[in-house]
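Presented below, as structure tokens, is a lone chain in the form predicted on its own.
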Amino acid sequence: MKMKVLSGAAALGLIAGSASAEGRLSIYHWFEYIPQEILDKFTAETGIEVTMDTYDSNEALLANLKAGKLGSYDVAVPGDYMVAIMKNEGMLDMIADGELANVSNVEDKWMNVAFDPGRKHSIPYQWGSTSFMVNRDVYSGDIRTTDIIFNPPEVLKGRINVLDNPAETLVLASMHLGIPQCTTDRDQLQALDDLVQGAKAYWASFNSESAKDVLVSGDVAAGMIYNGFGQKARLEGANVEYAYPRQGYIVWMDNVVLLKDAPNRANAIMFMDFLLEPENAAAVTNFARYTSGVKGVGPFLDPELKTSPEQNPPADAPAGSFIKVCDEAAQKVYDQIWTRLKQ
């Protein structure tokens, strides 16, 4: 999917020569994850023409950049573990000290993160969790168990969507089994493979981009989903409930990264600074329904976000887990499991 955005006001500004900047900005972004109004606002304020392509998984982002798209985009929005992978692959540019005027707006807990210590390549975008939702018109039993996905009740069999994302789907399966991420134990890996191959018979689809839509339409009765995407499904009228399973769930942070060989590097820095302004960060949160990593967003947030069940785990919920970066040998086995699963 490709978007091209140039507001009328910005076009007039360019003609008049009154805009504070000019040129283009090319964004590589998750689907349905940034409001058009924010892109229009950036263009109106700067005169910079924005184009955007979208992807539906961290792995798709990495594969497409490796396939020749690096050097075509200025910024991208990878998840935490993918920032580390992209940094190790030499795909990220360095943000020099002082380049970002608004870096002090980053919340303290998201500044010195393991995947990008000191924020040398990225800024926080949004953070949230990955679990699953269940249609309560179809199933009224206990949903705080990963059995819903991997050993479902009869009424849900054949009516489940899982994310078309090997990292998240296999990590949730590992949580179900109680085995560590990136395990190299042969018995544990065999158990993981047996679990997902057997559970596949209960799944109707592998779908990330339409994970919300298939729940809203009733095409599936349960499905893996991101919590903000899930809140959108509920607000669109689906009688669905987001689960915080006792076996665990995934937490993540998406980040705006400065890509190596960015064709419009100065404009990329300007856009990152723009997203660190509290009002703009809050506009993204209000649209995407996740949680910002920027200080001062509170006064600009929709009130219902504070009480949303998707953003507020039960008191007895376990802590969520970030996805780990496996070493090459372990990752090769996980890739083989996923390839067999998708055949």
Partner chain sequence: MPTVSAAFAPLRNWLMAPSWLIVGFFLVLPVLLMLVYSFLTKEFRGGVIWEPTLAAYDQFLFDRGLFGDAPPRLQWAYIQIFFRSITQAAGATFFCLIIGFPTAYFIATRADNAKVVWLFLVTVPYWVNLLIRTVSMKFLIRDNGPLNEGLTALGLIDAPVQLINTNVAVQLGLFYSYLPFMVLPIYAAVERYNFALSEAASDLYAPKWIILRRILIPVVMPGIVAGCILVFVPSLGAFLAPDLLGGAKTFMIGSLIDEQFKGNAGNWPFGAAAAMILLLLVLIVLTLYARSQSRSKV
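From a predicted model like this one, the values you see are computed outputs, not experimental measurements. Residue numbers count along the first chain shown, from 1.
Absent from the display: the form predicted together with the partner chain. The rest refers to it.
Chemist: Counting only heavy atoms and a 4.5 Å cutoff, which of 113 to 121, 85 to 93, 241 to 249, 264 to 272 contacts the partner chain in the predicted bound form?
Modeler: Only one stretch passes the 4.5 Å heavy-atom test: 85 to 93.
Chemist: Select from the listed residues Phe132, Trp203, Tyr73, Tyr125 the one whose heavy atoms reach within 4.5 Å of the partner chain in the predicted bound form.
Modeler: When the partner chain is considered in the predicted bound form, the option within 4.5 Å is Trp203.
Chemist: Would you kindly say which of Glu236, Glu107, Asp137, Asp219 lies with a heavy atom within 4.5 Å of the partner chain in the predicted bound form?
Modeler: By the 4.5 Å heavy-atom cutoff, the listed residue in contact is Asp219.
Chemist: How about Glu59 - does it come within 4.5 Å of the partner chain in the predicted bound form, if we only consider non-hydrogen atoms?
Modeler: Contact with the partner chain, yes.
Chemist: Check whether Asp213 has any heavy atom within 4.5 Å of a heavy atom of the partner chain in the predicted bound form, and answer yes or no.
Modeler: It does: once the partner chain is placed as it appears in the predicted bound form, Asp213 has a heavy atom within 4.5 Å of it.
Chemist: Is there a heavy atom of Gln181 no more than 4.5 Å from a heavy atom of the partner chain in the predicted bound form?
Modeler: No - in the predicted bound form, heavy atoms of Gln181 and the partner chain never come within 4.5 Å of each other.
Chemist: Classify Asp164 as contacting or not contacting the partner chain in the predicted bound form by the rule of any non-hydrogen atom within 4.5 angstroms, answering yes or no.
Modeler: Asp164 belongs to the contact set for the partner chain.
Chemist: Relative to the partner chain in the predicted bound form, which residues of 298 to 335 have a heavy atom no more than 4.5 Å away?
Modeler: Counting only heavy atoms within 4.5 Å of the partner chain in the predicted bound form, the contacting residues of 298 to 335 are Val325, Cys326, Asp327, Glu328, Gln331, Val333, Asp335.
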